[in-house]
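Next up: just one chain, as structure tokens, the form predicted alone.
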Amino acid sequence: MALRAAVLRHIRLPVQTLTATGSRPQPQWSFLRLFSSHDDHLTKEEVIDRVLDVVKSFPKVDPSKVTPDVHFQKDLGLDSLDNVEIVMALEEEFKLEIPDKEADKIDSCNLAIEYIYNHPMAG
């Protein structure tokens, strides 16, 4: 509680009040919205491009065979260890952690794209 009081003594934020018409005045700090994490979700096209780039850069993969619908083992001839390495590379690229249970299910570019696109913390 003492920490909270100490922090609040040093933070000063303008208080917005309702006008007589009941509407809120425009905030003076509207530029802060640019730094919000709520509007910066990746587009599907960005996710597709980045996933395909990661898979194409994998040493055992022929880049000409990589498409959004390619299966890692059936189409690219990768084994399960390669699959794990690709998922790890995707985690690094998008700065997220994919739980082992989910990572085991990702065996194609399409599944990787869907998982990452739907992940709220992908960046």
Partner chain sequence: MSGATTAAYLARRAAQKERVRILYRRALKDTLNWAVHRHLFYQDASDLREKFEANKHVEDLDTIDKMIVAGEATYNKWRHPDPYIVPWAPGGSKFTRNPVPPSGIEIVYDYGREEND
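These numbers come from a predicted model, not from an experiment. Numbering follows the first chain given and starts at 1.
Omitted from view is the form predicted together with the partner chain, to which the following refers.
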Exercise for review: Indicate whether the candidate residues Ile48, Val55 and Val66 are all in contact with the partner chain in the predicted bound form, with contact defined as any heavy atom within 4.5 Å.
Suggested key: no
Review point. Using 4.5 Å between non-hydrogen atoms, is Ser80 touching the partner chain in the predicted bound form?
Key: yes
Exercise for review: Answer yes if any heavy atom of Ala103 is within 4.5 Å of a heavy atom of the partner chain in the predicted bound form; otherwise answer no.
Suggested key: yes
Practice item. Using the partner position in the predicted bound form, report whether Asp75 sits within 4.5 Å of the partner chain, counting heavy atoms only. Key: no
**Study point:** in the predicted bound form, Asp62 touching the partner chain (heavy atom, 4.5 Å)
**Key:** no
Review point. Across 63-98, which residues bring a heavy atom to within 4.5 Å of the partner chain in the predicted bound form?
Key: Asp79, Ser80, Leu81, Asp82, Val84, Glu85, Val87, Met88, Glu91, Glu92, Lys95, Leu96, Glu97, Ile98
